[in-house]
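Just the one chain here, laid out as structure tokens, in the form predicted on its own.
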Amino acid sequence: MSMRSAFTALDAIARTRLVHEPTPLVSAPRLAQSLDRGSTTILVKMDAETGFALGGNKVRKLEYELAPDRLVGVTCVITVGGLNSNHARVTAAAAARLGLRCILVLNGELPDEPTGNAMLHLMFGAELRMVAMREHRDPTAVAVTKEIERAGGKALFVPLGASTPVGTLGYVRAAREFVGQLAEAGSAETTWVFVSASSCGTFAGLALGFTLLGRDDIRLVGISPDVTEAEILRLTADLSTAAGALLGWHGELLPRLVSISDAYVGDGYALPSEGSRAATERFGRTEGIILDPVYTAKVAHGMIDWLGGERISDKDRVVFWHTGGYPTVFG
């Protein structure tokens, strides 16, 4: 099918407008100079500034997950995550704006004085159901859904990270937005885009979007904060295929588009490493850009490491896709 027909189909799919779009694409020359790559163009796609409820990448996905046609008769939105989940924060805020009850099933222990996202969940009026382990979240969400239905309500369950075929469409849309901005940023032999890849809705959406746009000059690099390369490959394939089917597309991703690395996880999820701390300091001191310790700091570590190697030439440009997560800095 043609790119035009795929994006025509995308534009026909309902969404709840939450994103302040387009998000900025900004130059980072001082960062490049600090890495002795002064002749390399480094750009930052600031999806930290999607705007709604302190922004971040989850906003784009929730526009489609919480579209008006999906909310008919719904009285309560339910989702899952860790105590300081960015996705849970934005879901709670969106439910508040839509006048819906919100129940968050979160693993962890709620402190007496919550900070960061945990504080914001409560500020947005969400009801928290705490569980001990990740494995307990989905079964508890099922039980909560039944509880809502027994009381005469109707629940909409949004899976972890809104990384579903529907949610993935938010980043197909973002890929088109980004490519339009690149056209104004000049030419390059190859454009390397570094982004976090975990539940993979963002990563798969970008991969599908760049494929639909025929951008074989783009290399999309997914840096894992937790899961293995094999799991990212599986999730990306599954989500891009299913999201593509929603647009009438049944092809394959561009063959050289996707690269994945789980080499920057460090000691584990949400645990800073020496490299991620150094990257956070470098971004802050050279460009005044804040990174979060869970996702973007590890992407920055990976990008800096790749820039120190031979894969990226001076004729290429590099884009750091900032997915947000500011409240975790204080959590």
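Residue numbers run from 1 along the displayed sequence. Keep in mind that what you see is a predicted model, and the values were worked out from it rather than measured.
The next section is about a form of this same protein that is not shown, the form predicted in complex with a small molecule.
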Looking in the predicted bound form, is the small molecule within 4.5 angstroms of a heavy atom from every one of 58, 61 and 295?
-> yes
Students should find that, of 169, 206, 200, 80, the residue having a non-hydrogen atom no more than 4.5 angstroms from the small molecule in the predicted bound form is 200
Applying a 4.5 Å heavy atom distance criterion, does residue 91 contact the small molecule in the predicted bound form?
-> no
According to a 4.5 angstroms non-hydrogen atom cut-off, is residue 23 in contact with the small molecule in the predicted bound form?
-> no
The small molecule contact in the predicted bound form: residue 240, any heavy atom under 4.5 Å | no
Would you please decide whether residue 163 lies within 4.5 angstroms of the small molecule in the predicted bound form, comparing each non-hydrogen atom pair?
-> yes
Have a look at 189 to 197, 98 to 106, 257 to 265, 124 to 132 and name the one stretch with heavy atoms inside 4.5 Å of the small molecule in the predicted bound form.
-> 189 to 197
